[in-house]
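The form predicted on its own is given below as one chain in structure tokens.
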């Protein structure tokens, strides 16, 4: 590895090598028994110009070895650590310019930081200064790793070197911790914005990961300086304060304290800009232990942009807005919304935070839902130009937001989430006017249209719930009629994304509303059914797949409902089933075929395939189609269909699901058992299952084995499993014995005789019953669930695999990794 210089393989090989755990043996014996490790490090240090990747690897390897105190002392005796991590190492060489070397140095130091000798080694050698410098590294990975390392070192120093708990009056920090804290304090008091930001990031990470009481002692020493950043205009660090305060708010050390900390949070909400305060506000609103007055203030900050939108869209005093008073100067929000560069970003951030809050099952704060909905509708009307603002501010915002896809998508996401909250009933008519305007507009982009469909489907469900309770039938009927008129046009769109979204929308509606009379009547009186069926032949495979799903769900209304309407021969059940079976057998793309098998399974689950005889023929045809499909997900879907069919058949014939359950009589049980076996054999279920056991795609074989194990539990109580050695006398016994040997070789799919010689008759109930009782399915199950490295899993076998790929790395890089 040291001598290899191939450019593409270094990081791959070294990463794999370090992936093994060298800390399993904490003694020095690992290094003593494997001198090649220290020899390797020594030889790399002796190279005049080692490659950066080899040197980085060596640094990380040495750090891992030094994680044990015993091994650390051994490496120290040979002066290897000081040559790697001290001033005489890579720190002062040209190789330090390479980010991979700096990264290897930081990772190596982090790995060894598990004991006090390592801490003292680094502190005495000036390593603290190096790590603080690396916080500002141009490589974000190195800078982040350096910050994490400082947090780890500070925590290790305090928790391993302290002899008594720290208090606010007695701050006798350990030596290493004192060095780090002094550097933090100096950075916070410096005039360098970058140094201040680095220290604030470090504190954020510390308070977020460490919940020990000594963090409060540290905070009290720097709190005044942090507080001054809120008001000092010369220091541009305010944007970092929100993350710092939020990480502290989640810590029990600070959230349970009275006064000081929450007063600082309140001050931050007042002084930070709306963009800076937004993340802090939403984080506080998610916090259950937040004081009520702080929570109200956070909600006010979050809603200020929405309030400004409402006021800008209405005449003076016509609408009061969302808020009675503001936390910060309303002119600040108005200024941001009047600027093209900040308006969209502020609104998108605010909307994202609102969606985050609405996604919570239990909101710790009450939102003004009606006013919020009104504000969302106003934003959407600004974006499509359907609203004429009455104020100069409104006109400015409207010009900025026109056709803003980002704001439209964000607003529609919040609108959809709002459908699950109560209190918006009075605005339903106006809401659907806005949604329909978006659905009808040719200027609505495909992505915005998809979001509009999603929001519309959720609000239609809400509308149905309300109409059932307050008899608003006429309003519901009119809205549904308008929706289906728009849907008809969209299903004919030249844009395939629009056709696809339209079909997904239709499917979503059917899933939620198929039992509602008004919905069924509006749907069946439209042209949607015919247009949907036409899209089964769409040139785009995604659209065909969505059409299959939509047609499958439409069948629950047109064919499978208790009182299905008679609407012409072209929509009859047989033709639809035949069309879907044709897609399953002939469509060149996998997505439509997967959709078909999924729909067939859904029909079967819900008992829509007719009597048992009809279901048997249906399943048999599907099995014979999918068993040769090249798409493994289609074959897996076929197995799911078989599993449902077997379960339903056994339930219908009265066989007990549990092998220990009592039956009415042995005769009745035997009759039902024979009948179900005959059905499975005629439907070619066993043929498909046993062939799938040797499928080249492991998930297919695993599922088939699970189904066979389930069938055996139904047909054989544990105590009655056959002895395979005594079953080979009959022809069926010989064929089953051949089947078991063939399955063990994993070659059934390649040589699959079903007649003559030792071939197995998979349609013979006696043979299949014998096969279920004698074949060791548990052994097959274990074999199928073995990982690819089950033969040998060790560092040595991994290195052999690595070395085997040398010279052919371009071809095998992905497989090796």
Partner chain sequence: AKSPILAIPEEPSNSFSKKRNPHAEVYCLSGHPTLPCNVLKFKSTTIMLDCGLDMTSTLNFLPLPLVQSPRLSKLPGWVLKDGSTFLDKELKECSGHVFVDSVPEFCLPETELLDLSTVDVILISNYHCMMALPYITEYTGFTGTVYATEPTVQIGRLLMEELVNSIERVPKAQSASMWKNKEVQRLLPTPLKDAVEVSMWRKCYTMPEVNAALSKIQLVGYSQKIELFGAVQVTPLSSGYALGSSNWIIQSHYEKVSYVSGSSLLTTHPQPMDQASLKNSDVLILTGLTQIPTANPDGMVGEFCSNLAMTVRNGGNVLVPCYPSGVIYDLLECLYQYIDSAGLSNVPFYFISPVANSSLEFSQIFAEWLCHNKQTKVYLPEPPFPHAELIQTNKLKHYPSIHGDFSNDFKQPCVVFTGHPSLRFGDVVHFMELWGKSSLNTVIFTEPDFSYLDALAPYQPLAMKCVYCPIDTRLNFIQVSKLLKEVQPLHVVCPEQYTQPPPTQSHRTDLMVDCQPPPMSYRRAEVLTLPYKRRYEKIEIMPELADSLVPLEIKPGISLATVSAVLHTKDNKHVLQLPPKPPQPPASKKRKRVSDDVPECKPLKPLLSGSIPVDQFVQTLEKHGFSDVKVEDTAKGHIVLLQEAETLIQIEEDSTHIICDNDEPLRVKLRDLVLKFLQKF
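Positions refer to the first chain, counted from 1. Source: prediction; values computed, not measured.
Note that the form predicted in complex with the partner chain isn't included here; everything after this is about it.
Novice: 388, 399 and 494 - do all three of these have some heavy atom no more than 4.5 Å from the partner chain in the predicted complex?
Specialist: Yes, each of 388, 399 and 494 comes within 4.5 Å of the partner chain in the predicted complex.
Novice: Residue 384: heavy atom within 4.5 Å of the partner chain in the predicted complex?
Specialist: Within the cut-off, so yes.
Novice: Using a 4.5 angstroms cut-off on non-hydrogen atoms, would residue 83 count as touching the partner chain in the predicted complex?
Specialist: Taking the distances in the predicted complex, the answer for residue 83 is no, it never comes within 4.5 Å of the partner chain.
Novice: Given that the partner is absent here, does residue 430 sit within 4.5 Å of the partner chain in the predicted complex, heavy atoms only?
Specialist: Flag for residue 430 set to no.
Novice: Taking any heavy atom pair closer than or equal to 4.5 Å as contact, tell me whether residue 539 reaches the partner chain in the predicted complex.
Specialist: Yes, residue 539 sits close enough to the partner chain in the predicted complex that at least one of its heavy atoms falls within 4.5 Å.
Novice: By the heavy atom within 4.5 Å rule, which residue out of 462, 406, 621, 489 makes contact with the partner chain in the predicted complex?
Specialist: Among 462, 406, 621, 489, a heavy atom within 4.5 Å of the partner chain in the predicted complex occurs only for 489.
Novice: Could you spot which one of 269, 158, 336, 531 gets a heavy atom to within 4.5 Å of the partner chain in the predicted complex?
Specialist: That would be 531.
Novice: Which of 364-372, 217-225, 434-442, 517-525 has heavy atoms within 4.5 Å of the partner chain in the predicted complex?
Specialist: Of the options, only 434-442 has residues within 4.5 Å of the partner.
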